[in-house]
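One chain comes next, on its own, written out as structure tokens in the form predicted on its own.
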């Protein structure tokens, strides 16, 4: 019989499985200086899940058209939705791990499950209450802003299920800094038309991924080492605020430094950024004067960068006068 080997791609699955779970386990988090986040109630715990499986037993479905070992992707969707009701955790990573283990327990011929999720954020709405407005626990607003993400791979092992890969993430963060960013000193030759910029509004799209030194810390928030995506977001926006930076490359280096300092349980941080800086229509006289800008035209620049604990150095402090006045 043909076998799956390291050089063969073989998987199938279901994508865009929308799971709207209510009243999941609340999440608590230790505070950090850059963030007010200390937990969430998880009354709405919603995700868009992608779920894929592989295994030697599935090979004949490709080579011979034999469906005897196939779990229909519609059945996968139903499995995810039904099992989500019995999930007792409160993080995206724990949900993915739970679903993968349950699936391999149910279907013994599945060797590997690779799955990912984007959390669908809902924000509580303020309503009048005693002493002022307060966030209610009944009506929420769907948010299309940045959100948590996670991906992992579980494989059947000799003594259970091995967590081969586990990445947590923050997706679709969009930040604009109206002053305090520059870009100059780059190579100038016959191909260069970009002018030097000594103080520009900088608009970036940012995705951040991180992995733990011990992958189990990603799925066990009760152990106290789970890193909340909200605190990663707040670190990114605070570092953007604190430093006058000469490039996006240096900005993500500073963000990575701060993340690794705050969370020693993390082994690696990865960045994918896109430069969406606005085009200037009316040039401001200085950093606090009025200007007019419009959307940039494609193509867009991008950056990718990863950092491990070997890159960690003493935390830099903002230079005098670089912190934004706002």
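Numbering follows the first chain given and starts at 1. Predicted model, so just to flag it, every value in this text is computed and none were measured.
The same protein also has a form predicted in complex with a small molecule, omitted here; what follows describes it.
In summary, among the residues 119, 77, 200, 209, the only one with a non-hydrogen atom within 4.5 Å of the small molecule in the predicted complex is 200. Listed residues 167, 103, 253, 183 were compared with the small molecule in the predicted complex; 183 is the one with a heavy atom within 4.5 Å. The stretch in contact with the small molecule in the predicted complex, judged by heavy atoms within 4.5 Å, is 241-249, chosen from 215-223, 241-249, 157-165, 141-149. Contact annotation: residue 265 falls outside 4.5 Å of the small molecule in the predicted complex, judged by heavy atom distances. By the criterion of a heavy atom within 4.5 Å, residue 194 is counted among the residues contacting the small molecule in the predicted complex.
Among heavy atoms of residue 275, some come within 4.5 Å of the small molecule in the predicted complex. Shown alone here, residue 303 lies within 4.5 Å of the small molecule in the predicted complex, counting heavy atoms only.
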